[in-house]
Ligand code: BDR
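The chain that follows stands alone, in the form predicted alone, written as structure tokens.
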């Protein structure tokens, strides 16, 4: 059985849906909270932007895209502009920033970036013209012209930091930054690079440190909270049932049609946007945090430190409350008319033991929610034993501590779940397939399917 970290690279950093309806920024709404969105063009960014546009008490003044995140620039900004055109949103200036971090050269895998640039292949009209200035300048102009504004930051902080370097007191006018990024009490998602880091901070740690070094209030929405809001099949079912409700639901359904759910996706940026409109969906605590800048690719961790600054941290989220807000935005109703979604099976690791509730033997296709309540990564592994394999073979593997896949095991799937996460996955099964709860080659247990015998 391979080392677990290879399985965890299957956790994608591209999210799946979008929603809006075209209310957007009407300057006549003097009582609305004014917002700037700074992102990187990933689809969870798009979804978060459109969620905010649907809120009657939010006025989105500008959208800036960083070229140091998941999407490239200008493709990321052009995609967002084209989405705004498709759903007939008001005119909102959109600008692109630099394509390299302020320091270092951490970069997302090109396959992620190309997929984001393509935006799932969904049909889009020609984009509106981008703003005549770069992202840092648009941020500075918009903030300086306001009497108080909220910044929803959904990607690497390159644009914000560059604007601060040019005008150190700029963020004094910002009432709050809601920042999707970091991992405080849970592992990060840059597994093969820096297991302690989350992508948005890892991509430009120096930029994050610059922003953290200001006095602007920050509400951090890290993996600690987003791990509680996985993308489930319910999203697909609800959007499909309401695809003709609006331009937004049609757009969202088109995107979902092009991107089948495999699991490992979370409502990352969407949760940050929802918290920015209603903090009651999260549990928020004050923490003293600092950004680890040293170490190149090993940088990017959000560390608790007496030398750090006080940051408001969302340490957990209420999934049902979040989904109520989210569905209200993308399909126009919190009542989808569908029964409450439940997985076919659940696998829970509590830090001491595994428990499985679901069909045994495995059906041909299983939707399983994996709940990791421990401090170690856990995996669901499926496969088949070679004829004649016995419990003695398994005990010998445990005793050896080897990380190699044994000859007597034909592996089918390996699904890794980080500590604190609640992933939903599709798993191919069958009556001849055995499922294992797996931490490492010294700790694995049969949970369904054919068992070994003496």
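In this text, all values refer to a predicted model and were calculated from it rather than measured experimentally. Numbering follows the first chain given and starts at 1.
Another form, the form predicted together with this ligand, is not on view; read the next lines as being about it.
Taking non-hydrogen atoms only, residue 157 never approaches this ligand to within 4.5 angstroms in the predicted complex. Within 4.5 Å of some heavy atom of this ligand in the predicted complex lies at least one heavy atom of residue 199.
Contact annotation for residue 152: none of its heavy atoms lies within 4.5 Å of this ligand in the predicted complex. This ligand is not drawn, but in the predicted complex it has no heavy atom within 4.5 Å of residue 372.
70 is the sole member of 63, 417, 70, 35 with a non-hydrogen atom within 4.5 Å of this ligand in the predicted complex.
Highlighted residues 224, 348 and 423: none comes within 4.5 Å of this ligand in the predicted complex, counting any heavy atom.
Here the chain stands alone, but in the predicted complex its contact with this ligand, taken as any heavy atom within 4.5 Å, falls in 38 to 46 among 51 to 59, 38 to 46, 396 to 404, 382 to 390. Taking this ligand as it sits in the predicted complex, the stretch 233 to 269 comes within 4.5 angstroms of it through a non-hydrogen atom at 268, 269.
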